[in-house]
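Have a look below at one chain only, the form predicted alone, in structure tokens format.
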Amino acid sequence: MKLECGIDKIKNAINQTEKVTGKNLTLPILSSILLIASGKSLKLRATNLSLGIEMEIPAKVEEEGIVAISGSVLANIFSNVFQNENVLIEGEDGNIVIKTKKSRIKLKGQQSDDFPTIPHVTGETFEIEAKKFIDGIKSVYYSSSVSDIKPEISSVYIYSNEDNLVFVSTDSFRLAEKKVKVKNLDEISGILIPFKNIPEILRTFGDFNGSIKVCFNKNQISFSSDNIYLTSRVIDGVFPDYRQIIPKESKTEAIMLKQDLLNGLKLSNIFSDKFNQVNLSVKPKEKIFELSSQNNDIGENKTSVDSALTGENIELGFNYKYFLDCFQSLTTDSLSIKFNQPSQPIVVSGVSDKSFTYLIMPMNR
């Protein structure tokens, strides 16, 4: 192996791929990045068996070759190389030598034959702007269950509905749904992407401006762009039929500025108990929307929020944290909160943007 490439490009590729390397004691090769020099490019490949990534960067290749190198060591080296220049990489008896203007570094290689292959996913495909896909996932993934006991809800569920790609997640205490418009979308019955793989998908394509091609089957899903190929396993399970629990109508509705409610919630949380409980009293005829919380060690608080109210009186408690999480997904300045019975879910949505819906189960008072 002998090649030359730009430091910025290889530094970025190492940072991306190193995040996917595995910490597997029985398969230590998973902690490596596989470097493949061929043609006019250098490919960097990493996997933890649940996720796999391959990035390709342009390089002047004099001698082709393959070598596996510790991902954390590579990341540490290139995070401390600041020269804006080219870097030379040369194979030497199964090891590699990295040369810059001021450094010569020799790194011990590992047996590349042991490196697992990254699956080439075949199946159904669709294309979508990366920003739309990332927006859909970011709008809902925090509502997934972090426990693997029920893998079907420790995931983000994706399916199509007419011209919408729909993203959903729930941990059974709250549920988030985001609809993203996609033209000429074929029917997608359902894909379950594991929650633990979502951060790497967001990190890999979060700043990407182009389109990505998504290919999936019952075992794997892949996301590919010009120089990035990312694969994830998918969960073989059935997501709950959540549409049954979304109330079709409401008995009480409150419309308010998002910032006003956010300020009231933050103040109430100071006095919330160990369960993050904040109580709510809505009295439309008296024009009262009041948050209250009490902590025996600190004190108590009551805060009113200016709202346009309609319907019947209602009182209930809810988890402050669950409510706060959804603010990142609300793109409008005003929001609508709808209520039915104190035992039925609270429905939160933007006033002028109906693409995002959020449900919170009340807490017992």
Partner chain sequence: MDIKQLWKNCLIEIESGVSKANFSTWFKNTSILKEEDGIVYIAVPNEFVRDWLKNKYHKLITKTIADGFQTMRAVEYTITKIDNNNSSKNEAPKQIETYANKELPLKDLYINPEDNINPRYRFDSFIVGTFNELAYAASQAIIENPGTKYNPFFVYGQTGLGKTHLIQAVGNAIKDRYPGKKVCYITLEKFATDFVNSLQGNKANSFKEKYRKYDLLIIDDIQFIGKMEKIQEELFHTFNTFYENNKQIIFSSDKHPNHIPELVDRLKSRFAAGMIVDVSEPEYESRLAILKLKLQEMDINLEPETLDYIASAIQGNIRELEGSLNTIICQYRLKNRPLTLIEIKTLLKNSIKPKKNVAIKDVVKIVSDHYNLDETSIYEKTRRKEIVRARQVVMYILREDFNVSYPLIGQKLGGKDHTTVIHSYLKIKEELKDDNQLMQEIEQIRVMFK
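In this text the structure is predicted, and so the values were computed from the model without any measurement. Residue numbers count along the first chain shown, from 1.
The same protein also exists as the form predicted together with the partner chain; that form is not shown, yet it is the one meant from here on.
- Taking the partner from the other structure, the partner chain in the predicted complex has no heavy atom within 4.5 Å of any heavy atom of Met1.
- Interface residue remark: Lys102 is not counted as part of the site for the partner chain in the predicted complex, having no heavy atom within 4.5 Å.
- When the partner chain is considered in the predicted complex, Ile36 lies well away from it, no heavy atom lying within 4.5 Å.
- Proximity of Ile98 to the partner chain in the predicted complex: non-hydrogen atoms within 4.5 Å are absent; the residue sits far from the partner.
- For the candidate set Gly94, Gly206, Gly190, Pro151, a heavy atom within 4.5 Å of the partner chain in the predicted complex is found for exactly one residue, namely Pro151.
- This chain is drawn without the partner chain; in the predicted complex, the residue among Val180, Ile118, Leu280, Ile228 with a heavy atom within 4.5 Å of it is Ile118.
- Between 263-271, 214-222, 281-289, 72-80, the stretch whose residues reach within 4.5 angstroms of the partner chain in the predicted complex through a non-hydrogen atom is 214-222.
- For the three marked residues, Gly6, Ile57 and Tyr159, no heavy atom of any sits within 4.5 Å of the partner chain in the predicted complex.
- Along 34-50, a non-hydrogen atom within 4.5 Å of the partner chain in the predicted complex is carried by Thr47, Leu49, Ser50, in order along the sequence.
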